[in-house]
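Take a look at this single chain, the form predicted alone, given in structure tokens.
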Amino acid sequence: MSEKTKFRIVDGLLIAMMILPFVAGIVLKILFTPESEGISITGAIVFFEIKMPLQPLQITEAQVNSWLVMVFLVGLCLYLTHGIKVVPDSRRQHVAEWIVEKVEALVSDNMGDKYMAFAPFIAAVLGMSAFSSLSSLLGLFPPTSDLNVVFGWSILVFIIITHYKLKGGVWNYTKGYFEPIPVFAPMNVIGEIATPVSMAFRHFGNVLSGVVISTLIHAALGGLSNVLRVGIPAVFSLYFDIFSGLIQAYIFAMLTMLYISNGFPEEAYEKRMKKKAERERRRREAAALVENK
């Protein structure tokens, strides 16, 4: 078997890896969606439950579709980087490099060059959010219209934000709650908790409202001709399903970058590192004196 044939076979497998998850999602949607008449606006379908000590763990359509989107993104990344070379000679490599350049420029402009290591994470946030919202174009339940999914992303971002705030030391982090005066401590605590809550509800609310409005428009046009019933909802879908979904992905990524970079106490971190380096220098000098004796 020639190298060219092997290359094409791998390409075919990667393309199947991108397509089959959504096909599986559509099949599950058809099999598990109950029959209904008139307008039906419900949450994610519950496929099955796993018994747990406190309460059953529900495996829902939102969770399954999230994994399907992740499989798609892995397949997309592998496809774009398959056969990558030092000197680009294919369109897919040009697309891959364009994506990398745009994400790195976005991180550099909003966080600074010292945060360039966050570029893959921001790319993952953008891709996961955007394609989760765009999955509604295939008739799937968009994971971004489930508060549990988006709130999970927000908690992950909040953990990263807190981790970088603690870079300046526990005392410096705790002291921030009592600034500018101690009486503001309760408000500062509430403001800290509000960060993941506001990020989750903003994303979830905008995507869910688009799904609801699109469904209501389609139902309201039920008495019109088939052309209008299909054409008008399709026009609104350009905004609610495509434009709005992409904008929300961009906003979520922007908030992630701004919260992390603004929360990092650079001056306190540098002082802490200088003290640590000074202690290490003294330790080495003391160890050298002991060895000389």
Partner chain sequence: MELAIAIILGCCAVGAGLALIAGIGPGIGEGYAVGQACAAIGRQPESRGQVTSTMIMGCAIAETTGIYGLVIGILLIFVAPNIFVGILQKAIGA
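Quick caveat, the model's predicted, so the values are computed rather than measured. Positions refer to the first chain, counted from 1.
This next part talks about the form predicted in complex with its partner chain, which is not shown.
Contact between Gln248 and its partner chain in the predicted complex is found at the 4.5 Å heavy atom cutoff. Proximity of Val212 to its partner chain in the predicted complex falls within the 4.5 Å heavy atom cutoff.
Taking the partner from the other structure, its partner chain in the predicted complex has a heavy atom within 4.5 Å of a heavy atom of Arg202. Contact check for Met70: every heavy atom lies farther than 4.5 Å from its partner chain in the predicted complex. No residue in the set Gln55, Ile59 and Asn148 has a non-hydrogen atom no more than 4.5 Å from its partner chain in the predicted complex. This chain appears without its partner; in the predicted complex, the one residue of Ala44, Leu28, Leu255, Ala268 with a heavy atom within 4.5 Å of its partner chain is Leu255. None of Leu134, Ile217, Ile161, Leu208 but one reaches within 4.5 angstroms of its partner chain in the predicted complex through a heavy atom, and that residue is Leu208. For its partner chain in the predicted complex, the listed stretch (125-133, 89-97, 178-186, 194-202) containing residues with heavy atoms inside 4.5 Å is 194-202.
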